[in-house]
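One chain is shown next in structure tokens, namely the form predicted alone.
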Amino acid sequence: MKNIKLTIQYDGFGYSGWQIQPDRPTIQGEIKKALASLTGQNITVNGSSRTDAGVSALGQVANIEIDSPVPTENFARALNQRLPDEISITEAVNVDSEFDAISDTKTKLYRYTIYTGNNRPVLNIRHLWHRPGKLDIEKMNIAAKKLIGKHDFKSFASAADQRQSSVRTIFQCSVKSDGDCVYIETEADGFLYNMVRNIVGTLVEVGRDRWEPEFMDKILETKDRAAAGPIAPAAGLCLMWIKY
């Protein structure tokens, strides 16, 4: 029995997120089907991040336990031949039998992309939030830095998140611009349901001068989702990498 670590890229548009759902296309479901086609086995795909519907990834990680004669070095190519074009296994490597893609995760980084130009960027529209209008990047960065550290992020969690603890540690949260594109990057030891998209929506409220950066302190203290800004669309979010 081998324990294989998979690194996965996917375009989340048209998929109902990572996790298998009845009668809906999902990334986990497509990989599971490809594995069944390759090996004839019903294999559990243990993914680190349960990305939402419409969210993409360049560095999702999963592990599978499998008994197969297929050499691990050939696994990525063999699976890719059975996967839709929007999903690609970029690496497959043998790991220790104790490795678990979820519990061994140390940090993850998500990038959110906003396009502020007037004309809709039709070739990239599936991977960004088209929000015309200038944003104050300096103010957004001041507010973003207030999120760094260990905090209770309940104000940024969806009401559907039922996890016992909403305490997480953010190691970096930054806002950068490149022409009409704005990039918000957040690295943490874990994320609550919709947490990044709620942070982005809140930072945009600061960037459009609805709130001052200092209001972020009050949002954290309130521990109430209603205190934060609106949720940003899923299309702009991408899981960039996971560290172990």
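This structure is a prediction, so every number in the text was calculated from the model and none was measured. All residue numbers refer to positions in the sequence shown, first residue = 1.
Not on display, but discussed next: the form predicted in complex with another copy of the chain.
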item: 4.5 angstroms heavy atom contact with another copy of the chain in the model of the complex for residue 123; value: yes
item: Contact of residue 51 with another copy of the chain in the model of the complex (heavy atom, 4.5 Å); value: no
item: Exercise: residue 16 in contact with another copy of the chain in the model of the complex, heavy atom 4.5 Å; value: no
item: Another copy of the chain contact in the model of the complex: residue 174, any heavy atom under 4.5 Å; value: no
item: Listed residue that, although another copy of the chain is not shown, lies within 4.5 Å of it in the model of the complex (heavy atoms), from 192, 58, 43, 70; value: 58
item: In the model of the complex, the one of 103, 165, 97, 119 near another copy of the chain [non-hydrogen atom within 4.5 angstroms]; value: 119
item: Stretch in contact, per heavy atom within 4.5 angstroms of another copy of the chain in the model of the complex, of 78 to 86, 165 to 173, 150 to 158, 137 to 145; value: 78 to 86
item: In the model of the complex: members of 1 to 36 within 4.5 Å of another copy of the chain, any heavy atom; value: 9, 10, 11, 13
